[in-house]
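Just one chain follows, in the form predicted on its own, and it is written as structure tokens.
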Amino acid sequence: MAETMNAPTRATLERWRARMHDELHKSVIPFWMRHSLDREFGGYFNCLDRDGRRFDTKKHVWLQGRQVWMLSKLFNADRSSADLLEAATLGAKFLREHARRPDDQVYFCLARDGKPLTLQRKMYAACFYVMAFAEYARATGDASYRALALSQFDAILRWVDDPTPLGKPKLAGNVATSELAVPMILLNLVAELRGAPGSPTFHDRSDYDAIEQRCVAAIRRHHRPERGLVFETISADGKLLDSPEGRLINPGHVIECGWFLLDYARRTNDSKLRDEALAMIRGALDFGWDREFGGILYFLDSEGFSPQQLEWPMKLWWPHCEAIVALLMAWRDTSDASWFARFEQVADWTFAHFPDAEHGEWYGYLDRRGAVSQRFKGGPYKGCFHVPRALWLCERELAAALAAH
């Protein structure tokens, strides 16, 4: 990354802020508001073709939770839109009625009417249940949703220490591992449960500081600064694993984790952690950027072997979304124009390839050259989350920069 560059002009910042705002409010959110709301059974249709037609009526719980969170977050940012709150309520009531089992596990997928279809041996559906209800409680003032969020959060904390209730027994041949996804999502969950410091809906709990500190320490164990890499899976005692899983690098995941750390470092005024987060973001982008075709590769092997994941050379929507957020935060936190130059590099590629000007929203899956691979706008893993969250956060970062310009 070049060290000396011209700072972005006010006109440049205004142009990007307007672009983020218009993409969010004129393309992305209108797509989901038009096509996803199930007013008969509640919740959202999340399997949507390019033009918004439903190709499946299954409702994936982690995407239901993400959409409740996103709509509630947008409503809380600007309480002039009753439509957003009404749409959030459709999802929140559906989740409350159907998503959670008596043993605290949360289903992965439900039928249109809410009947359970599948249960994963993972905690991520439960995590987005927590995020959804924490933000929806702020939107409505209904404390019962916050109580449900906290109850589910406590269950998640138990599963982190002992995942056997999720159907993941400890088998004799398996090495105990640490997965990057666990501490990073817990760090984000605590931030969401707390809310904005100083706001009327800020909440604190006696264990939040300790949980965050434990998460940060766990994330740091995955980082190898001398190599500029963050590994997805390491041994429980912090050692690298010589296996495909142990060599796996997911640049988008590292970049997302990096901005979670930047957010935490801002709140705690931790300059050392900020610098480490910046190094993680830089290393992931340097390693993951496709120098031949542009864009961020999905998976890589740290030692140059072919990744086992057949989709490894694809360009997916969410790593690019996380990158533009992380790079704007990095620029604001350092005033180093080279971060803004990298933001424009990634954002220009992203806006040239993912948005659909005809039908709205973004494609999610491109081949290595940047051509659309799957045309659907929503499926089991893509919903109303990464794109609108990134646009909203980027607009917020740019607005703050303009206010201080």
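Treat the numbers as computed from the prediction; the structure is a model and nothing was measured. Note that residue numbering begins at 1 and tracks the sequence as displayed.
There is also a form predicted in complex with a further copy of the same chain; it is not shown, and the following applies to it.
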Discussion item. Given the stretches 337-345, 352-360, 54-62, 31-39, which is the single one in contact with a further copy of the same chain in the model of the complex, using a heavy atom cutoff of 4.5 Å?
Written reply: 54-62
Worksheet item: Looking at Ser80, Ser271, Thr164, Ser306, which has any heavy atom no more than 4.5 Å from a further copy of the same chain in the model of the complex?
Response: Ser306
Practice prompt. Answer with one of Asp209, Glu311, Glu86, Asp275: the residue that has a non-hydrogen atom within 4.5 Å of a further copy of the same chain in the model of the complex.
Written response: Glu311
Discussion item. When a further copy of the same chain is placed as it is in the model of the complex, are Lys115, Leu119 and Glu245 each within 4.5 Å of it, taking any non-hydrogen atom of the residue?
Written reply: yes
Worksheet item: Within a 4.5 Å heavy atom cut-off, is Leu171 in contact with a further copy of the same chain in the model of the complex?
Response: yes
Worksheet item: So in the model of the complex, does any heavy atom of Phe45 sit within 4.5 Å of a further copy of the same chain?
Response: no
Worksheet item: Within a 4.5 Å heavy atom cut-off, is Gly370 in contact with a further copy of the same chain in the model of the complex?
Response: no
Worksheet item: Does Tyr107 reach a further copy of the same chain in the model of the complex if we count a contact as any heavy atom within 4.5 Å?
Response: yes
Worksheet entry | Residues within stretch 363-378 having a non-hydrogen atom within 4.5 Å of a further copy of the same chain in the model of the complex | Tyr365, Arg369, Ser373, Gln374, Arg375, Phe376
